[in-house]
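One chain comes next, on its own, written out as structure tokens in the form predicted alone.
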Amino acid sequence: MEQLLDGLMEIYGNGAEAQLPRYRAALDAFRECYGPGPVHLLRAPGRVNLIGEHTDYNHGYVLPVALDRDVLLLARPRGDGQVRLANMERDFADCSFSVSDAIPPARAGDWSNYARGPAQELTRLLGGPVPGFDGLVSAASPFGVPRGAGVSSSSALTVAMAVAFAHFAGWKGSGAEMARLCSDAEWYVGTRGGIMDQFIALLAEGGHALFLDCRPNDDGDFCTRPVPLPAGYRLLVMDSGVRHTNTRNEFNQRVAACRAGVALLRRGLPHITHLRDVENSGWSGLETQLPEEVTVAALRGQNVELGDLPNVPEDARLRVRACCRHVWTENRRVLETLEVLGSGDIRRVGSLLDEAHASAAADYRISTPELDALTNAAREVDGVAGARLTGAGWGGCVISLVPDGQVDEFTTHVGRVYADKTGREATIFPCQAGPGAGLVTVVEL
């Protein structure tokens, strides 16, 4: 196990020994499922987003951070094109499928779809089937990525699977190519999101956030830049315990509202393709061209093209103006956050986080009473630099920048106030910004 510990040290640093029992348990479970032999250990991290919510699929700006909580995938290649999967969480049944360029999806919500998607996409990209494998997933607490908490557990699983397929196929695509493949793989599942989750899972650096401009350049590459997190502060994650499902109608309705906004603005600005294109236009001149609320059916009657959006009914009422306002203002907040982080103005960073939460709650309507209770409790602790929801919304987590010396006080206060306000228990933990996905090591069982 010395080789394993060396591999873990490169990923988790001083936390490597605490990870050992989890990895050993997963190796024992893999041997029980598939027998002795070499095992490839791969991982992909969850993420929180410091700021920049629902901007990525609008070609905007984001500033995510990789968690030191991850999805662990143990895998052994097969020569018959079959994929067999097991999961250490009992909620997920064993499953299997054959690799091809047209893999039939399992029923909606089946976890194997997060493997079927990347297998199909990589097969199409390479022009032939990729090797299958026997795999075992370990993603449970305390070191796994919490499911439904808004910290990108589904994307982490997709990325882990994609990294495994690429590893066994010998394909070494660029970060942008892999991120795009993983994003397409999540479309297979039914979520019409952007590329932020995939980029941070793949390109993260320890101790840094990742600035990502979600608009590709003419070569298909993306502008990224590691951004050091502020010294003297810890990024604390507060899990509300309220869970959401990313493929729900509400998420895709927000995407539809933004697309509708672009289509309507294009009547006067024919060059635009995304909300990013109006970032230098004054909001007062834009909002008059956008309806407060309109149904999908009414938009189609106006020949407004919304594209492929599963689970969005014709009678869905889209809040076009408010959703577009959130994206327009959020992009500006991301760019200002990048600037003030560089100057060390943490007070202003905190104000921007607070403003971002207010916009997400009022304009995008993705907050909940529980998330609001957490943000309010966090702001009551002296020295805290802002608090806001992170992730798709409708539950999940809140983040806050907390001075190093006040982590214990913060945890106690927020936990107590949240319980008093909601009757729920929040899980609060500091985030160590970790590295991106990849192979940890190979172990012989």
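Residue numbers here begin at 1 and follow the sequence given. Values in this document were obtained by computation on a predicted structure and should not be read as measured data.
Form predicted in complex with a small molecule: not shown, discussed below.
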Task: Close approach of Gly194 to the small molecule in the model of the complex, 4.5 Å, heavy atom - done: yes
Open item on the list: Please tell me whether any heavy atom belonging to Tyr418 falls inside 4.5 Å of a heavy atom of the small molecule, as the geometry stands in the model of the complex.
Closed with: no
Open item on the list: Can you tell me whether Tyr57 touches the small molecule? I mean in the model of the complex, with a 4.5 angstroms heavy atom cut-off.
Closed with: yes
- [ ] Mark Asp70 yes when one of its heavy atoms lies within 4.5 Å of a heavy atom of the small molecule in the model of the complex, and no otherwise.
- [x] no
Task: Contacting member of Phe251, Phe211, Phe133, Trp328, with respect to the small molecule in the model of the complex [4.5 Å, heavy atom] - done: Phe251
TODO: Taking 4.5 Å between heavy atoms as the contact cutoff, choose which of Ala385, Ala392, Val381, Val65 touches the small molecule in the model of the complex.
DONE: Ala392
Open item on the list: Quick check for you: of 49 to 57, 26 to 34, 373 to 381, 403 to 411, which stretch puts a non-hydrogen atom within 4.5 Å of the small molecule in the model of the complex?
Closed with: 49 to 57
